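Consider the single chain below, provided in structure tokens and representing the form predicted alone.
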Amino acid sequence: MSIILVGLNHKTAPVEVRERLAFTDESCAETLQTLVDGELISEGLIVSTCNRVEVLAATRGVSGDEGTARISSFLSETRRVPRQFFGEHLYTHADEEAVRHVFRVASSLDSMVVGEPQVLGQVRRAYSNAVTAGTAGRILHRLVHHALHVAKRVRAETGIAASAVSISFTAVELGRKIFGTLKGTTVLVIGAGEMAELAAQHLAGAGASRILVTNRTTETAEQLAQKIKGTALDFSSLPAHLAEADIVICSTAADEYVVTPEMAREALAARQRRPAFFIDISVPRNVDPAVGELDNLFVFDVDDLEAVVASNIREREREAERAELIVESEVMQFQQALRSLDLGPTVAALRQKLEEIARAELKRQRTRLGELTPEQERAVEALLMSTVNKISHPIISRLRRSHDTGEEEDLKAWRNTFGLEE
């Protein structure tokens, strides 16, 4: 048995290649059943996201090259793409390297943004699709569940996901630092930019209870307000409503300052000098930098946010080094568990073989024992099984030692001695 992974990702292939090989959830069930033929490939699952397409398979009695060729052909045929179109972008991993790769993917160590949480859900969904298709067996069951355990350890024992690495998440992080908690805060969105919308959504998810939206075009403001479950305001009323906002997100196409120091000073007085936080994602800037010179008013522009993001990325990279050590220790544990799983059928077959020999011999010699009571019959059976266990114990111990030390010839000799299947 071997574990093989064939795939490509954002590091090895451009988007025009990745999109040609991508699978939908709906297409996975049928295509997985095409992949798993019960001969070369015994189990399989597909992880397909915007950044990666990977086929993970358990093979039976074939070389890594044969398994890789089978999966490459599968991708070419099911996606109707010539192999030469994507072949140079593929990477392949087998056995321990495949296990390590799966653990790193689930732990978000192989993601475009290290530590991003979405990939774990994507791995779960890929596993669910394989279970639905009936192509996940004992090997992939163990591997995926162990991968989920590794990802949980990495998040619990490192700070890999502790720092924001997107502009929108950074806005939430900075807001928390300033206010301590975002519960009950009011957010004012000026403009209808995509980044402003994302930041507002994240702030709402972090506890902001009220979102106000204003834009020069009233219809656009109303559409955005509806999307983020906020309240649209007339743009001319901006100065009056500025005092209500604890957090202001500004993203307009205006080429002048929309929020001036005079407006901010009046809002601050109306707020009784309670702090407010301005996120200016506009270029050119829409919040006059002088606003940040006022006490209790904090202004962050795009460069400020990007500097925080860069610092947080460096911090995640440091934490990723700790996460890699966790992955390595878990790979060793999984490989040991997998070896035990491989030996299980041999041990069971050996016990069965010895029991069959003992029972056959008892049957042959049974007439010599004469008539026995039920209790005596059970005693003879118990004696027989006890003898089988005592004989098999040292043999099984030797099998396990040979298996753990990789002495394949020794294992093969024991199997041949007792006529056991591989």
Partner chain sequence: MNYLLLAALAAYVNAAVHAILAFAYKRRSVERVAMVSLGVGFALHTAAFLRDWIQDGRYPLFGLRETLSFLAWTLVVAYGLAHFRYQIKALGTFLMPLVAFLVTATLLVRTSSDARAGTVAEGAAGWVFPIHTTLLIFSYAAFFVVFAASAMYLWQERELKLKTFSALFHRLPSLTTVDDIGSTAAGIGFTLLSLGIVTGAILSSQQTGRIWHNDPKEVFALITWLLYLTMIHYRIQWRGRKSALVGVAGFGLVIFTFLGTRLMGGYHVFG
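Numbering follows the first chain given and starts at 1. Since the model is a prediction, treat every value here as computed from it, not as a measurement. Throughout, rigid core stands for the largest set of C-alpha atoms superposing within 1.5 Å between the two forms.
The form predicted in complex with the partner chain is left out here; the points below concern that form.
The single contact residue among Arg79, Arg153, Arg125, Arg216, judged by any heavy atom lying within 4.5 Å of the partner chain in the predicted bound form, is Arg153. Contact annotation: of the candidates Arg274, Lys229, Lys183, His145, the single residue with a non-hydrogen atom within 4.5 angstroms of the partner chain in the predicted bound form is Arg274. In the predicted bound form, the partner chain sits beyond 4.5 Å of every heavy atom of Glu266.
For the chain shown alone, His89 is not a contact residue for the partner chain in the predicted bound form, no non-hydrogen atom being within 4.5 angstroms. The partner chain in the predicted bound form is approached by Phe298, whose closest heavy atom lies within 4.5 angstroms of it. In the predicted bound form, none of the heavy atoms of Glu244 sits within 4.5 Å of a heavy atom of the partner chain. Between 300-308, 188-196, 134-142, 91-99, the stretch whose residues reach within 4.5 angstroms of the partner chain in the predicted bound form through a non-hydrogen atom is 300-308. Three-residue candidate spot Glu30, Glu39 and Leu350; no residue lies within 4.5 angstroms of the partner chain in the predicted bound form by any non-hydrogen atom.
Counting a residue when any of its non-hydrogen atoms is within 4.5 Å of the partner chain in the predicted bound form, the hits in 309-324 run Asn312, Arg322.
The two forms, fitted on the rigid core, differ between this form and the one not shown by less than 2 Å at the CA of Leu325. Residue displacement note: Ala276 has its CA displaced by at least 2 Å between this form and the one not shown (rigid core superposed).
Once both forms are fitted on their rigid core, the CA atom of Phe86 lies less than 2 Å apart between this form and the one not shown.
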